[in-house]
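A single chain comes next, written as structure tokens; it is the form predicted alone.
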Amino acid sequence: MQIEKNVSLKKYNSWQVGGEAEYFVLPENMEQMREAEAFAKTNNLQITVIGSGSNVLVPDHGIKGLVICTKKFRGLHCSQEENRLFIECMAGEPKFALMKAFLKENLPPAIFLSGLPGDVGGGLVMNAGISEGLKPREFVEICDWLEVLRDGEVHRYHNKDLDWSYRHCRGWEPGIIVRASFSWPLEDRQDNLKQKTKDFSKTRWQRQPLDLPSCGSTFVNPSKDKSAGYYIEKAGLKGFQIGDAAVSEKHANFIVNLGNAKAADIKQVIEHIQQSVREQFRVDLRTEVRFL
């Protein structure tokens, strides 16, 4: 396993911004993940874990310590037992691969997963989901257990042991999520699910600026009745721009990189949105994106 120094993180996050990692590693298996964790502990380095970087903002000055990227930390295995599909996968496996495994058996989790970027580890940390009223629509509904590497040992947490909430999963920290199991009843197979999944993905492509670098939804929806995008649009902020960071004309809850945006530009746009919405509607918008 190669631990590199001073690696640019721009190609490791979906906004394509930010500085360098002081130390950087791409583990491919548990042995290498343990080795990376031990290296950080031996050298007294803070660990920052990123997956596909679809929900993080990397600062322009970079990240001190060891950045562990799980992009190559992959693997997926399916089994059937007691009329239920079980899928065990490593944290770096893309959500798209998890979606395909459910889709192969015509099971409904495929629909909400088809609209989510990033990988399984990030999906668990964020309890990723969609706002549409589907069942299921969040990771809490399909996860059986997850495993966390801490001080060289793997600890398993079952769904009921964790504190799940809107865009959060707590109770497993500290450590590195390395593997998880998901399942759904086979008796819930649906006809025309492939077409439903295709239609859902198409609708999201039409509504979201997926042709430009972004982190997906920037803010958590403040209520069930009104989305973050609703308030941002009502505040007249579609198209608002600082540097090459702009509020999407297509979907107001997306901040896009028009070419050469800096992390500082994006942060200023986020803060301007929060201030404007607070002043106009007395609503506090909380970011879904994590500031590293």
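Remember, it's a predicted structure, so these values are computed and weren't measured experimentally. One-based numbering along the sequence shown.
In what follows, reference is made to the form predicted together with a small molecule, a form of this protein that is not presented.
- This chain appears without its partner; in the predicted bound form, the one residue of L76, I130, V220, L162 with a heavy atom within 4.5 Å of the small molecule is I130.
- Between the options L85, C89, L107, M126, the residue in contact with the small molecule in the predicted bound form by a heavy atom within 4.5 angstroms is M126.
- Although the partner is absent here, S248 sits far enough away that none of its heavy atoms falls within 4.5 Å of the small molecule in the predicted bound form.
- Proximity of F254 to the small molecule in the predicted bound form falls within the 4.5 Å heavy atom cutoff.
- Proximity of R204 to the small molecule in the predicted bound form falls within the 4.5 Å heavy atom cutoff.
- When contacts are judged by a 4.5 Å heavy atom cut-off, C215 counts as touching the small molecule in the predicted bound form.
- Contact with the small molecule in the predicted bound form, defined as a heavy atom within 4.5 Å, is made by none of G18, V25 and I63.
- Shown alone, this chain has one stretch from 153-161, 76-84, 189-197, 91-99 that lies within 4.5 Å of the small molecule in the predicted bound form by heavy atoms: 91-99.
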